[in-house]
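Just the one chain here, laid out as structure tokens, in the form predicted on its own.
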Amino acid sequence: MSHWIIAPVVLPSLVAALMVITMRGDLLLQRVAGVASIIALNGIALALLWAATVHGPEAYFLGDWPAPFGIVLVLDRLSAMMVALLALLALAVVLYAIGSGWDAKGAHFHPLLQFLLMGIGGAFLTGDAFNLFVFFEVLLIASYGLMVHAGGGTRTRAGIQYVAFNLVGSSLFLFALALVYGVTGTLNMADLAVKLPTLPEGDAALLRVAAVMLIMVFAIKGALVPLQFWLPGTYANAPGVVAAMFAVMTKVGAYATLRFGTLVFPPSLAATGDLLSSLILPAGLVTLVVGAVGVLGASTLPRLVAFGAIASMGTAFIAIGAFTPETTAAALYYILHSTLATAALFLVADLVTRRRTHARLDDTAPPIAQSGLIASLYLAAAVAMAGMPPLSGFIGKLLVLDAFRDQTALIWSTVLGSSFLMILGYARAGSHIFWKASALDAQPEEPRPEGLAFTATIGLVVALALLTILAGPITDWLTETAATLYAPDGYIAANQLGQER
């Protein structure tokens, strides 16, 4: 199995290069290659998920160089789960892009999507902090290309803001890595987990500075307050199918926070203690409130979904910020749910906005074609995003609330209050788009032949339903996954530190 660990990085990079070199200008070939690559990625991701569950953490040493000097990829239950989530989302996105024709509006949609998969997959699998930075840059470049896909002044301006803000994050990341390397002499995450507890007390201040800088970088990626303001403009102005793919990009920030917070800077580390928790938990609460208020006051449907994405990251970071096995298991379930729900709602928003005469929510537009089916999809995705029963959002928030049953005053009131605001926001948008429109004396346009786009959107809603139906075994698996994060001996042993190869 070990050679397959690098496949989620190599496969999309090879396919992307092949598309650029031999398929330029041939959209049909690019579509066939893109779909085939992503289907293969799904198969590989499932095999990796099975291997991580059965065999535990396993490392892949590039060039057979030993850790901590060589580049190492590490497969464990968390990284395997995130790669599988990425592959599933990518399949829905590529089918929607083909079915809606979005991929035909620019020259390089499919190669950029493959490069994005390479960057995100590498970020989930790398066992080295510097290569985490490298994969962050790869996904940033690819995401910028997708962001400005199909052009337009507004989209370009939002893209420049997105890139500029993320470049600030990249600079911070480099400074933090330099500090960590200067203090410890290594950037391998398993090696850091071994060395940091033995550092002299005089280096503790530098270590705390590095930890705060790293958390700021991950907060930018995860849209955590006060570093979330780039997200609404970026996601709302991106093509709907690209915004749906971006739903997993914020989870890269959450993943990195979990990895560093449990392996490199665990609560038991004397130098940092509960520093990370004291920063992330309050910021997560404020993020949730900001997102919920944004949902209630959004002026367009894409901005409403973007603020919903911020709120979902707030909930995830609340659970992550406590850094206990119980809250982490709840966070993992919520990450799975919110990625699928956010992507589904972005695709529904795209179906709506391409059929309306305008995207504003404060002015009623004529009825849209296929409004019954689209309204049903909107209702399902909105119910999931708001955390109402019976879909997975309700179970996810229930798990978070149960993990914080000793802190009902602040956590429960914030989560429940924000859920109420989000319900109002989604209901207001739905009534403007579907209910009030039906009262206008106008006939909708002829339905568009977009069977594949509807199939992809319905597929995401079905995945949310399966996440609900299988909540029992999935939460059992996630509980074991969270336990391994707080007992990282297997992850460290897989790196074979100091052993000749």
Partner chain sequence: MEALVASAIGLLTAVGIYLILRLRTFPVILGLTFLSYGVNVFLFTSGRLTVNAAPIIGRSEPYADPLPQALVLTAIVISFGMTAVLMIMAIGGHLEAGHDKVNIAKDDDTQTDPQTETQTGDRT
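The structure displayed is predicted, hence computed values, not measured ones. Positions refer to the first chain, counted from 1.
There is another form of this protein, the form predicted in complex with its partner chain, and it is not shown here; the text below is about that form.
Residue in contact with its partner chain in the predicted bound form (any heavy atom within 4.5 Å), chosen from 391, 148, 192, 227: 148. The single contact residue among 264, 271, 187, 383, judged by any heavy atom lying within 4.5 Å of its partner chain in the predicted bound form, is 187. Partner contact region in the predicted bound form: 98-106, out of 98-106, 331-339, 114-122, 311-319, criterion any non-hydrogen atom within 4.5 Å of its partner chain. When contacts are judged by a 4.5 Å heavy atom cut-off, residue 324 does not count as touching its partner chain in the predicted bound form. Residue 299 belongs to the set of residues with a heavy atom inside 4.5 Å of its partner chain in the predicted bound form. At the 4.5 Å threshold, heavy atoms of residue 167 reach its partner chain in the predicted bound form.
Residue 428 falls outside the set of residues with a heavy atom inside 4.5 Å of its partner chain in the predicted bound form.
Three-residue candidate spot 40, 246 and 278; no residue lies within 4.5 angstroms of its partner chain in the predicted bound form by any non-hydrogen atom.
If you take 222-239 and check each residue for a heavy atom within 4.5 Å of its partner chain in the predicted bound form, you get 236, 237, in sequence order.
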